[in-house]
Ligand SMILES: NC(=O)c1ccc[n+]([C@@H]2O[C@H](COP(=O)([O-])OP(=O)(O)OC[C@H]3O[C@@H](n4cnc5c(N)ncnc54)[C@H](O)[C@@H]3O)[C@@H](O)[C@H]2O)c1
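Before any questions on binding or motion, here is one chain by itself as structure tokens, the form predicted on its own.
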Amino acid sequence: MSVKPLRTAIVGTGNIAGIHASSLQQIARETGGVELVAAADTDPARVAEFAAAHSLTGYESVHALLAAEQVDLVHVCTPPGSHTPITLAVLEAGGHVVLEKPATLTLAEFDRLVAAEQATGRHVATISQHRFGSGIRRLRGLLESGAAGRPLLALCDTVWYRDQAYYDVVWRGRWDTEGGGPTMGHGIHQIDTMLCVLGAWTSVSAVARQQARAVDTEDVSLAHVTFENGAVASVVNSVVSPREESYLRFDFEFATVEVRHLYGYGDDDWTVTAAPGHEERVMAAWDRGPTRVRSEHIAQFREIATALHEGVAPPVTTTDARRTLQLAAGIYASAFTRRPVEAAELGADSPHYELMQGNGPVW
């Protein structure tokens, strides 16, 4: 890539930051399109260790980093409660932002980022790595070709296991620092992938429960979702399931497409079943799609770098990401008001706009 590399920094140097750093440095070796130059963390020992491991300059705050470095792109890998102020600071300093999920704690916070994005002309991309694996792209191609027919039914299950010790970390399991339970922190990745295929949702009916973990939020949620295109979906989010699985199933008129994985899929994790009489057309459309791209962060990072070099908005846009966050808000709104909720109800006058839990929770 014969372009000036994007000077890139990472804020927050916990576990997920290592994936960001190694992915960015691999892209730097491949194309020269990015250059990872700095990191920041409020824990001096942790940022020093991270900076030494990746040959970076370390800073003890995002403000110190922005004052000392000219950066084009900042990856925010801190707990979700700090995403909004960090992102606003980066945008105002002239940088683009890549945000780990959940992007913000609330729809209100997210809309502040949208306003800042528009005011500064900078871009905010939200991590949605499962949209970028070859499997989901083959599925979208199958749908767009017409070979699969209309979408009818989907299953979207994130059934994971997190023991009580996992919630000993002070910011986990709290509305004010994590924004919610598995609906926000775990299942949101699968929900985002489902929306990538099915598009805009219209209504949701849900329940949320505290089944086993001593947390403020839910540890299980279940939802029925309807879509503008007429499809319906079942969504299950759990952190109390010892046999862990991430499962997506899409039933179209002429095909069923499924993927089973845990934290990322490859081509072998997908199954396609054509309806009788449609085998040849369905499989031909499936086989035309791309292959050998796992749903890993690096796949999205490559496309973000390319988009920014081309001067266009990187995937996934704030419009895409907001739709996913809005469905999480809708699940909570329905669960805590104990009635179906329309997407149109979740405007600025909704209690679930400023707080995911609204006036709840009602356990």
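Note that the structure is predicted; figures quoted are calculated from it, not measured. The first residue of the shown sequence is 1; numbering continues from there.
Only in words, not in the display: the form predicted together with this ligand, which the text now covers.
- Note that among 150-158, 98-106, 196-204, 135-143, the stretch whose heavy atoms approach this ligand to within 4.5 Å in the model of the complex is 98-106.
- Using a 4.5 angstroms heavy atom cutoff to this ligand in the model of the complex, none of Phe227, Thr337 and Gln357 count as contacting.
- Although the partner is absent here, Gln129 sits close enough that one of its heavy atoms falls within 4.5 Å of this ligand in the model of the complex.
- Put simply, Leu346 is far from this ligand in the model of the complex: not one heavy atom of it is within 4.5 Å.
- Remark: Gly14 counts among the residues lining this ligand in the model of the complex, judged by a heavy atom distance of 4.5 Å or less.
- Interface residue remark: Ser82 is counted as part of the site for this ligand in the model of the complex, having a heavy atom within 4.5 Å.
- For the options His261, Arg281, Arg122, Arg172, the one in contact with this ligand in the model of the complex, meaning a heavy atom within 4.5 Å, is Arg172.
- When this ligand is considered in the model of the complex, only one residue from Ala274, Ile86, Ala116, Ala93 comes within 4.5 Å through any heavy atom, namely Ile86.
- Contact residues in stretch 28-50 (any heavy atom within 4.5 Å of this ligand, taken in the model of the complex) are Ala40, Asp41, Thr42, Asp43, Arg46.
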